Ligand code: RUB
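Next up: a single chain in structure tokens, the form predicted alone.
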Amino acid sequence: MSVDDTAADIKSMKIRGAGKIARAGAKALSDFADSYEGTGIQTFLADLEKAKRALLESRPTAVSLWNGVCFTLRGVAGTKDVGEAAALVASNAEKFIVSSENAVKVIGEIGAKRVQDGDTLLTICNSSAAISVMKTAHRQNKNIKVYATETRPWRQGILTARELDAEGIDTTLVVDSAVRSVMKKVDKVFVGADTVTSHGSLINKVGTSHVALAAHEARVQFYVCAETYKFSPMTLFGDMVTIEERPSSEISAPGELPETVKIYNPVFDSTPAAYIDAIITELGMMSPGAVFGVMTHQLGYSAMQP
């Protein structure tokens, strides 16, 4: 798929989920480099930069996309010709995609150790990493039940419920506003992540903060399942995470409300680190306070600046 097609599919949410978005961005750049017909390295680098910007602008909040794209382009500026540059882009993209997919498996294995036989779990949206924990626990013959929130307005919870049910997991779909009502039946919460900031806060699908608040009040453990490429290096330098707002048509059909009624449709919200028991990554389980150290060790200061 072309860069423009991939960017359009990300923007329209045809491609959704932080990991899938990141992998799609890396693959689009690889395809772009592989099919490039020019011969001048400077022109190639300029066109590659345009492709990068097109992808990043398709979903400004998704740090996974930013990190995936930047990983794919690592070292390209120092190449001598188009052939070398294109080969490096393809190699980087493949490494990122394989690493990303493996991270979900490892997170599932680590997270499943926190699940006990007979546990009732709750999740929001459609996180591959959180689902991996539940599937792994189920495959370990642990008898679990799962509540999946509907997750308006795109109803990604439907996807989660279908996937868990296909695995043979006892699954119940609940409307978002029922979270507090069912929390008294829940033992642990596992959610995914769009972005994790340097101070350990979670940016995830809108409604996640409500789930965390309900879990905190009910003394239910709240776990974030996040690949380390979802850690935001920009927040180390004071940048704020942009909360994307989507069209009002996702909430209300034209003519359904008076024109004077405004609609606010944010995609994500922020959950404070204080409400997070642990972050489960492919490197292991860590406290929100450990994110800063992991981020700097993994990338180094110079590599983290946009």
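Since this is a predicted model, take the numbers as computed values, not measurements. Start at 1 with the first residue shown and count on from there.
What comes next is about the form predicted in complex with ribulose-1,5-diphosphate (RUB), which does not appear here.
Participant: Check Pro288 for me: does it contact ribulose-1,5-diphosphate (RUB) in the predicted complex (non-hydrogen atoms, 4.5 angstroms)?
Facilitator: Although ribulose-1,5-diphosphate (RUB) is absent here, Pro288 would stay clear of it in the predicted complex, with no heavy atoms inside 4.5 Å.
Participant: May I ask you to check whether Thr72 falls inside a 4.5 Å heavy atom distance of ribulose-1,5-diphosphate (RUB) in the predicted complex?
Facilitator: No.
Participant: Quick one: is Leu283 in contact with ribulose-1,5-diphosphate (RUB) in the predicted complex, heavy atoms, 4.5 Å cut-off?
Facilitator: Judged by the heavy-atom cut-off of 4.5 Å, Leu283 is well away from ribulose-1,5-diphosphate (RUB) in the predicted complex.
Participant: Phe268 versus ribulose-1,5-diphosphate (RUB), in the predicted complex: is there a non-hydrogen atom within 4.5 Å?
Facilitator: Result yes; Phe268 sits at the interface with ribulose-1,5-diphosphate (RUB) in the predicted complex.
Participant: Between Ala212, Leu122, Ala93, Cys125, only one gets a heavy atom within 4.5 angstroms of ribulose-1,5-diphosphate (RUB) in the predicted complex; which residue is that?
Facilitator: When ribulose-1,5-diphosphate (RUB) is considered in the predicted complex, the option within 4.5 Å is Cys125.
Participant: Look at the stretches 212-220, 166-174, 193-201, 72-80 and give the one with heavy atoms within 4.5 Å of ribulose-1,5-diphosphate (RUB) in the predicted complex.
Facilitator: Every other range fails; the passing one is 193-201.
Participant: Suppose contact means any heavy atom within 4.5 Å; which members of 133-171 contact ribulose-1,5-diphosphate (RUB) in the predicted complex?
Facilitator: Stretch hits: a single one, Gln156.
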